[in-house]
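Before any questions on binding or motion, here is one chain by itself as structure tokens, the form predicted alone.
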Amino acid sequence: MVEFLELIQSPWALRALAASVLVGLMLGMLGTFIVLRNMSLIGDALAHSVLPGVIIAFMMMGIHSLSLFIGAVVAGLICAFAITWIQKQGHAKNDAAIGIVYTAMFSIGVICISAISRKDGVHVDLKDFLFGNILGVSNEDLWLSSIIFVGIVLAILVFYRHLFLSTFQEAVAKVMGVKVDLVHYFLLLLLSFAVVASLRTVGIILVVAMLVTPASTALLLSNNMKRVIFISALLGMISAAGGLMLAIVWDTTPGPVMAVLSAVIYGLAVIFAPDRGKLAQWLHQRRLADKITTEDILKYLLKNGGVASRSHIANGLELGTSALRRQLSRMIGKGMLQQDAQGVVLTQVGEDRASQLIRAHRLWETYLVNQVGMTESQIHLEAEDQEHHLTEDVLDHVDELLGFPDTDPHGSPIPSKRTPLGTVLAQLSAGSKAIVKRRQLRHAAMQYLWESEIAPNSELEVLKVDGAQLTLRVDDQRTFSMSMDLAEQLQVIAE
């Protein structure tokens, strides 16, 4: 450990670490747009295609950072334009055009390396270009990488709106005057810059791993674009810096270790990502299965008078003995059920929940018949499946859309929405007081409150009940009348 700490503090190691961090950050940021635009293969092609530009620049200007930069950028632009030309003029498909260009250019680069390696006093190791040689990072390389990093960050900040629109809404971007093709080539230009900065660290073969893998991992962890860019850059930095550390410990080439570490992080995200990970999906499916089983038991009991033996429930719902025992134990703990001499009995909490499940089932059956046009013989299984997934807001909307029906297509009554903490105004007698609930179930009630300037949590006092009309006072101030039909819809909490 002491030797490692001493080693990592040496000048060459610090330069290598700084270069790794910069490369990880810039490839992570650019990779987000590359992956979302389905340009991963183009990124790979561009990385391979800079090889001839780098070698030719070396032959003409010698081996220093500026010559490599110029050669790589020129080669990258030639690659981008050649792919587009072959697609349009050669009528080749996208992947075919990419394959033609990058294999040809990469091969030209290998031929150039073979040619100059035969000259006396000249030795160019192809492996350094393919897999990087981070231990040979110079101060000049570090300055160039820093300038490229700052340039890429500024470009993303300044042109973020254009990049965002052309990535997700190309048609909208064109309507808004965004030059989509120009943005495409601009992104490829930035990618060429990043490839130049990556030559010393991961090399042209593995640059696509650092470009694609952190971004793919970030997309598993978030749906927010700006957050994805940040996470991708962070993961790219961790993969690059961590890969360098491990490579020093294991005495191996850093580039491949960086790529492998990035892939390991992606694998962990596939399993443990909060929403999209396999573990989260399994837990969600488990919770959903438990919810469906719970609701099926409640509905079965309600249809059987609120009580049934364990064996009847198991046979009626085709549940295993051990699974049923665990489920009933949970439901008893939540206060939905009780156990007595007759068997399992619904509590008031369980009955309310079961009633709402039946409400969902019968409302959805009514919707399928009245709005979708299905026949009565077609609707039961569909409603049986959807009843477990319909939220209260959706049910309230469907109820209002259907005109608050009392029965379903089979003639069975549709239970009303339960409001345990409140009641409707029409149920109150003269002299009673109540608070207006913030959430109203009926649109007509909400409209009336708005038009009458009655705020939620206002106090209503029933002064007089006269057949089809109520006389009310609001907050001990103004008095007004309300029809009994409207009072049947207004949700209040009685004091």
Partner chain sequence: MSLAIQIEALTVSYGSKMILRNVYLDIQAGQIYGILGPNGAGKSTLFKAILELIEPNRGEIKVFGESLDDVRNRVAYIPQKDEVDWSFPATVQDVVLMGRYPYKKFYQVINKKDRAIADRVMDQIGISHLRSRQIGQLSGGQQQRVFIARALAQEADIMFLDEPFVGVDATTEAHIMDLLRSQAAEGKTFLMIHHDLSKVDEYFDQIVLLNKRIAAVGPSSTTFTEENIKRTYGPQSKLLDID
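Everything numeric in this text was worked out from a predicted model, so none of it was measured. Numbering follows the first chain given and starts at 1. Superpose the two forms; the largest set of C-alphas matching within 1.5 Å is the rigid core.
The form predicted in complex with its partner chain exists for this protein as well; it is not shown, and the discussion that follows is about that form.
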Only one of 172-180, 253-261, 289-297, 312-320 has residues with a heavy atom within 4.5 Å of its partner chain in the predicted complex, and that stretch is 172-180
Using a 4.5 angstroms cut-off on non-hydrogen atoms, would V228 count as touching its partner chain in the predicted complex? yes
Please determine whether H162 contacts its partner chain in the predicted complex, using a 4.5 Å cut-off between heavy atoms. yes
Does its partner chain come within 4.5 Å of any heavy atom of I56 in the predicted complex? no
In the predicted complex, is there a heavy atom of its partner chain that lies within 4.5 Å of any heavy atom of L219, even though the partner is absent here? yes
Between N223, Q89, T375, T391, only one gets a heavy atom within 4.5 angstroms of its partner chain in the predicted complex; which residue is that? N223
Contact residue in the predicted complex, from I147, A115, V158, I332 (heavy atom within 4.5 Å of its partner chain): V158
Within 4.5 Å of its partner chain in the predicted complex, which residues of 349-383 have a heavy atom? Give them in sequence order, or say none. Y367
Verify the C-alpha shift of Q285 between this form and the one not shown: is it 2 Å or more after superposing the core? no
Please say whether, between this form and the one not shown, the C-alpha of D251 moves by 2 Å or more once the core is aligned. no
Note yes or no: does the Cα of G373 move by 2 Å or more between this form and the one not shown after the core is superposed? yes
